[in-house]
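Shown below, as structure tokens, is a lone chain in the form predicted on its own; questions about how it binds or moves come after it.
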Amino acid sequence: MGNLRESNLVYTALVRESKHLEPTLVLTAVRLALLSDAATQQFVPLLRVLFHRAGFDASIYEGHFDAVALESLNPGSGLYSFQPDAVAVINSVQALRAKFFQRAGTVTAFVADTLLEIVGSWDAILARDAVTLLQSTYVMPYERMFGNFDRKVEESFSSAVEAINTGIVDAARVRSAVLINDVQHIASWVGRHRWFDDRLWDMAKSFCALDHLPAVARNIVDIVLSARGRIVKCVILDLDNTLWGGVIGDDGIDGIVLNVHGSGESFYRFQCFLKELRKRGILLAVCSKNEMSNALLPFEKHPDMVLRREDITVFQANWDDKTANIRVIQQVLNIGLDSMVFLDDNPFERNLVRGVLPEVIVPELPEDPADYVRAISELNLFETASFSNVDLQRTDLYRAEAERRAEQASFANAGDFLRSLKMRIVVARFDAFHLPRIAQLLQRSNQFNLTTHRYSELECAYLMSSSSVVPLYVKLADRLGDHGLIGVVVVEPEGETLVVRDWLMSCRVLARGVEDYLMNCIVAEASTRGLKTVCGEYIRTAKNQMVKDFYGRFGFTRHSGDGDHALWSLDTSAYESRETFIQPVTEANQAN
């Protein structure tokens, strides 16, 4: 993700770069289909470059010009033979304008017919393939037939476009596989007077000026990567001259610059922005060269401090090297360095982190704190493909985990500690209520993930309704709190073997015995069905090395493959059940 944050999104430079890509350097394949009522030829090289920078080798299918409905409704179209992972639909307001001016009926009917065609194409695609579908919004037109009165007239073109955009968003909300590519936002940011190039539309049917194609391409890449689990999970914050003006150790609580109105308003606004990120599930951490007592003062006593101590999941304030403290934060949270953003006003500290920890995303912060929120927002660092109630509770979940780790130190051995937790586990078949969180976990889990198959919510629904597979979710709670839904296991009987298709878990619950409990369940399931063996697969990714020998630790034998892709098997009669300190409960009884 870090490379995507670069500012060198110049159209001509990207086109040159597209001619010199080295496929051997990339790690992962992705298949993207483009459907549009505008030309996409100039667009494809940019997508390939941006995917390549992010470590993906992109194969891109270009649908026929202005044939979105035809491609989606025809089972024999090139779209379906291409078998994409994601489909991006780009609709241009220029093509819509031509249809609008030629309409025969009312504007209300025009809006309804347009939405019916758009949503009909989605449903046709999703009925055939479990893909991620990216639908663009329409850019608002520049003409206003009624001047400023235009927005009050329901029959105006701008009112029609706004109604269609609203309808697109409303329809996407009830279709989890449909994500919004908000092209209207990009056009508004750069200004519609610069966005449109009517001569280029007339000659080449380009939906915008060439200079702005890279921004739309980056939007698509950001969305696809987020759907595949490439997301920011934590923002690491400096304090002095970042969260407030001045140095708390020198200026004291009354001397730092921070207020709702006036010279410190920029810091107040920045903290409000961060507070909203925390509310949507982004973890906040502090990494400051300070005495801990001084660093905590504003959080505890300053009247205009928006962020409070309880908003910070990990608080590192000392005189150690910041890269060392970031490593501590990473170890406590047990997340990848590439899912962290480091914000610091000091150019030296930013460059140090970039040099020592290149995986961490380190944006340039403007010299004027009044521009902090704007600069960070421009980078679109916090793209996501899902949102659930678990995200709202994420800070509390990690703080409770820190409490568990602190308490563990007071026990003589791990067994006594685990027994004291009084853990309760639910292992149940996928159901509709849990599908959003199940899909989110499948999309985001990277480290404890044996195969790293990415499933959309629609694909999870297929598994749920399938009679041939056993798709299970796992929830864990203990006396200190509820971990929520922390694991997914999918098994399938095949001949005399029970095949583990997928097994992934949140790293927050490792070393609790959950792995042992689940393996006991899997082998018991095989024995109950009279199956002689359990078979599992490991597929290496850049992040799942920790489970490379997972099956071997349970007595499985590797019978084919190597360190990158291996198949393991176990004779069920030879398995010895593992001891755990976990009590099985039903969903209804877990909270008791």
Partner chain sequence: MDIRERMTAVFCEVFDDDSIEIYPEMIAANVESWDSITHINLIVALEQEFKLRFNTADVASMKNVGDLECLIRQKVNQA
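Keep in mind that what you see is a predicted model, and the values were worked out from it rather than measured. Positions refer to the first chain, counted from 1.
Omitted from view is the form predicted in complex with its partner chain, to which the following refers.
**Asked** Would R280 count as a contact of its partner chain in the model of the complex, using a 4.5 angstroms cut-off between non-hydrogen atoms?
**Response** The answer is no: R280 has no heavy atom within 4.5 Å of its partner chain.
**Message:** Since only the chain is shown here, I'm wondering whether R419 would be in contact with its partner chain in the model of the complex (any heavy atom pair within 4.5 Å).
**Reply:** Outside the cut-off, so no.
**Asked** Any chance A98 has a heavy atom within 4.5 Å of its partner chain in the model of the complex?
**Response** Taking the distances in the model of the complex, the answer for A98 is no, it never comes within 4.5 Å of its partner chain.
**Request:** Answer for T12 alone: is it within 4.5 Å of its partner chain in the model of the complex, judged on heavy atom distances?
**Result:** So T12 counts as contacting its partner chain.
**Prompt:** Going by heavy atoms within 4.5 Å, which of 209-217, 111-119, 323-331, 514-522 lines up against its partner chain in the model of the complex?
**Reply:** After filtering at 4.5 Å, what remains is 209-217.
**Asked** Exactly one of T533, T28, S59, Q42 has a non-hydrogen atom within 4.5 Å of its partner chain in the model of the complex; which residue is it?
**Response** Result of the distance check: Q42.
**Prompt:** Using a 4.5 Å cut on heavy atoms, which of M203, V356, M145, V169 is close to its partner chain in the model of the complex?
**Reply:** When its partner chain is considered in the model of the complex, the option within 4.5 Å is M203.
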